[in-house]
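First comes one chain, alone, set out as C-alpha cells in the form predicted on its own.
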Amino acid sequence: MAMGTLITVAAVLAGLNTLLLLPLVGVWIRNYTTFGTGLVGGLLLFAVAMLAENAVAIYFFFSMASFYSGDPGVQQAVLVLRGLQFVAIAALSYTTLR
C-alpha cells in the first residue's frame, strides 16, 4: 500500500532530523573527548538516542505504511510530532553549530 501524503511528509521530516543530528553527534563527540563533562555526555547521549529513534521511524514508515494509512487522525498526529521534533532539533543545531 502506498504511503499517504501526510506520512510521506513525516518520513521526510524524520530524514531531515537524521541529517541534522549527524553533525551534532560529531560536535558533541569532539567536545566530550576534549572536555569530558557530564553535560556534554548527556547531550551526546540525547543526540544518539534521537538519531536511533528517527532511523527506526524511517524504517517503520516504509515497512509498515499500511499501519499508518488506516486513520487520518494518526497520520496528522505523527506529522505534528515529527514537525515539533524537527523544530526542536533545528534550534538545537543552530545554537550548537553557530
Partner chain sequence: MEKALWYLLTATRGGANRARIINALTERPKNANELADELDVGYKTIRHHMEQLEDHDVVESGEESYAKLYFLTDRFDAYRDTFEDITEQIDT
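Numbering follows the first chain given and starts at 1. This is a predicted model, so every value here is computed, not measured.
Beyond the structure shown, there is the form predicted in complex with its partner chain, which is absent from this document and is the topic of what follows.
S.K.: Tell me, out of A65, L51, L43, I58, which residue has a non-hydrogen atom within 4.5 angstroms of its partner chain in the model of the complex.
M.R.: Contact check passes for L43.
S.K.: So in the model of the complex, does N31 come within 4.5 Å of its partner chain, heavy atom to heavy atom?
M.R.: Residue-level check for N31: yes, a contact with its partner chain.
S.K.: Might T95 be said to contact its partner chain in the model of the complex, defining contact as any heavy atom within 4.5 Å?
M.R.: Because a heavy atom of T95 falls inside 4.5 Å of its partner chain in the model of the complex, the answer is yes.
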